[in-house]
Each structure stands twice: as C-alpha cells, then as structure tokens.
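Shown here is one chain on its own, the form predicted on its own, set out as structure tokens.
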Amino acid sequence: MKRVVALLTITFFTLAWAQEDQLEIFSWWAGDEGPALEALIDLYEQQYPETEVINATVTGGAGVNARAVLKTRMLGGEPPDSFQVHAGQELIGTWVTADRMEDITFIFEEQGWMEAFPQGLIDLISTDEGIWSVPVNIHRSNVMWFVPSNLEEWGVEAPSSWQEFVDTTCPALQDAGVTPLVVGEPWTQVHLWESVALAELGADGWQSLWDGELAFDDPQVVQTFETFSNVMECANEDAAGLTWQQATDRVVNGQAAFNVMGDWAAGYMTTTLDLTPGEDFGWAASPGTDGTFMLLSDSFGLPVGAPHRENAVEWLTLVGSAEAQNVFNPLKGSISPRLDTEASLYNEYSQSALEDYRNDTLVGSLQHGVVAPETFMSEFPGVIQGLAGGGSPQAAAAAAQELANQVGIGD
C-alpha cells in the first residue's frame, strides 16, 4: 500500500512539474507565417530552456478555424496560456467584455512600453479598465498597389481621390482594355469599403462611426456606400472567385491596373513572386487617405485562468520586446509596432510603411478586427454583398445601422 501511495505521490509531483514547465501558444500562423512564429518560440526557448513550448496552431480560414476552436476552449474553461488575436475590438468586444481576459497594464508599466508604443495604438488596445494585449506587428490596410511601368504604358497615375478614379482614371483604363480595379472574395470587398469610407469620412469621422457618435444612416456615411458602388462599377465581375493573391496576380500580370489590399500583399510579391519593391511593383495610400495609416495588429493576450500564468507573462514580456519584434517582423512581412525599431532591417516598402506609421494619423481597420466587435464583423460582409449585388446605398446604410444597434456600438 505504501508503494502505491509513493507512486501516486511521485506521479502527482511529476505531472505538477510538467504542468509548471509548459507554455501553450495558440495561433493561426502556419504556412508562410509559420517561420516567424517559430522564430519567436526559438527566442523564448533560448531564454527559458526549462519550459516546454506547445505550439497549438490551428490552420486554415485565415484565422476563422482558430477562432472557432478558441471559442470552444474559452467557453469550456480550457483557455490556452496565451493566444493570437487581432488587437482592438476583436478581443475587447468579445473576451474582455465577457471578463475572460486579464488586464496587462502592469507589463507595459514594468517594461517601459507606455513610451515604446505610440499612444494611438495603446488607445486602440485599451479600455478605461486597462490594456488587454501585446501587439507584435503592424500591417497597413489602406494601400493601393500597381505596377509603375504598366501605368506609364497606359498613361495614368495612381489617383489621389476616389472621385478622380471614377471620373478620369477608370474610363481611361477601360478604353485601353484594362480592368481598372481588381477585387476578390467578399472580405476583400469589405477591405475596399473601409478605405473608401476612410477617404469620405476622414480619420475623426471614421472613429466617430465606431464610437457611436456618427450613425451609418447619416448622409456622410450613406455617401461612402454610394462611392463604393461607383468604384465597384470599375471592378472585375468575377470577384467572388478570386483570393487576394489571385487579385494581386492580375495587377502583376498586367490584367488590372490597381488593387487595394493590406501590405501583406507586399510580402507576397516580394517573397513568393520574387519581385522588387519600387521597381516591379509600386504603392500609394488608397485614394483620399494620404496622411492616415489604417492599421491592424496581431497581438497576444492573457486569458483569465491561464494554466501556466507566469510562463504566459514571460511570453508576453518577450514578444513585446525590441529583440523579439526585430526577429519576428522581417520574417512576417510586417513592421514592428515599437517606435524604436531599426528601419534598416526592412525592405524599401516596409521602410516607407514604418515612416508613415510613425508620422501619420493612426486609425483601426474594421475588416481586421480593430474597431468593431466580432459579431459586427461577421455580419457586415452581408451588407456589402447586398450593395455589390445591386442594392441601394440607403438600404446598405440602414442595414449597417441596424446591425450596429444590435451589437451595441456606441453603448
């Protein structure tokens, strides 16, 4: 009997020790993004060799599959130690509101991050109760891509406003037999709409929309849907069947002149297609948004009840450090959120993005989880699809306002 008790005791302490020495990181980073995550994990393991890191990546669906698994685990009381999430309302409007996340302001204060990160970004990841995640990267949403030599051949330039695009650029390209703007599957059209709306509303108006101070059925916002409809008249008709990479390919191949996509497109063109920024492809702020940087950010948070909380705090402290972000971002094709990042680590495009990030007005992306809760994000593509399918701007605006009321935007 004593031997059984002894074995049970040894087993208990062995399991307890194993549990103490683990760190489970949950994300959707695989494929092209996997090496960047592995670089972070390698750095953590160098600093904490006694800890076993469990890479719990869930692949597929650009994070949709991972978020579904995460929801099951969070609601089931089995959170990972830390998980990837888009910084902003995707986390705040879902898990912070449900009291499932820890305030990590103490890490920012201990590490001096209140000065390392720009105030505009800290505002987007905070509420009155605290700061909720550590940003590890920054992508820009409002970028228009093109091939400079093609534009020269067709006799056009990147437009400075959507009105110029619709009135002048689009007809000139159509006369030349070129698709003026290529768009892809539904989420990429929401991505386009947010750039159109930013141009129409400006940075303050855009933020007012998500603060509930500006209604979707306000004439200013109705105009964003009107302009979007006009822009879509210049786009390809087979959008639903194209991924964002295929849409980018059409610009590169000279089948289309422009594409509005986040700057992961630069990573695709540089890394996968082996093109040179500034020579083989060019970029500009999407029409009417020069001086404004619409961002999205991947971040990691600390769930309430994390099984290995201290290890998770060590992970968060690491991923927010300059050392980790300088390793991660050049591999990921993004830039560091920190203001003390070394620009020489990046290529020509990313250096320009870094410069704009440090000087432009920062606003958050809708499509990529910064300004609206997940419940709004999941339904809003239906509004855009209704508009793209021939619906009226007024009907789209009314539907969006109804959705905003349902999810409590501005409450």
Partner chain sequence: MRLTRDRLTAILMILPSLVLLGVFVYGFIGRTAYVSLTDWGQNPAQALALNPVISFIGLENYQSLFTSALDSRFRQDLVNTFFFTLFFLLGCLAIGLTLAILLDRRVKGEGFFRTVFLFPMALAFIVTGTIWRWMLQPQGGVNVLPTLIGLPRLQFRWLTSREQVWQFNWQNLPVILGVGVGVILLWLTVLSFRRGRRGRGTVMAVLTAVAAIWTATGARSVEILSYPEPHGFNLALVGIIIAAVWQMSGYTMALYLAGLRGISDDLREAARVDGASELQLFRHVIFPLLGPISLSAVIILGHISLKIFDLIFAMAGPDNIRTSVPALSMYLRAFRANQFAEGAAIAVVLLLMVGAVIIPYLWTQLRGEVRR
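Numbering follows the first chain given and starts at 1. Fair warning: this is a prediction, and the values are worked out from it, not measured in the lab.
Keep in mind that the form predicted in complex with its partner chain is missing from the display, and what follows is about it.
Q: In the predicted complex, which of the listed residues (Pro49, Gly382, Gly60, Gly31) lies with a heavy atom within 4.5 Å of its partner chain?
A: Looking at Pro49, Gly382, Gly60, Gly31 one by one, just Gly382 meets the 4.5 Å heavy-atom criterion.
Q: Only one of Ser149, Gln246, Thr271, Thr127 has a non-hydrogen atom within 4.5 angstroms of its partner chain in the predicted complex; which is it?
A: Among Ser149, Gln246, Thr271, Thr127, a heavy atom within 4.5 Å of its partner chain in the predicted complex occurs only for Gln246.
Q: In the predicted complex, which of the stretches 247-255, 260-268, 211-219, 283-291 has residues with heavy atoms within 4.5 Å of its partner chain?
A: Residues of 247-255 come within 4.5 Å of the partner.
Q: Can you work out whether its partner chain is within 4.5 angstroms of a heavy atom in all three of Pro171, Leu345 and Arg358 in the predicted complex?
A: Checked in the predicted complex: no contact with its partner chain for any of the three.
Q: Should Gly120 be counted as a contact of its partner chain in the predicted complex, where contact means heavy atoms within 4.5 Å?
A: No.
Q: Going by a heavy atom distance of 4.5 Å, is Gly93 a contact of its partner chain in the predicted complex?
A: Residue-level check for Gly93: yes, a contact with its partner chain.
Q: Would Gly202 count as a contact of its partner chain in the predicted complex, using a 4.5 angstroms cut-off between non-hydrogen atoms?
A: No.
Q: Are any of the heavy atoms in Met114 no more than 4.5 Å from a heavy atom of its partner chain in the predicted complex?
A: Although its partner chain is absent here, Met114 would stay clear of it in the predicted complex, with no heavy atoms inside 4.5 Å.
Q: Taking its partner chain in the predicted complex, which residues of 369-389 have any heavy atom within 4.5 Å of it?
A: The stretch touches the partner through Glu374, Thr375, Ser378, Glu379, Pro381, Gly382, Gln385, Gly386, Ala388, Gly389.
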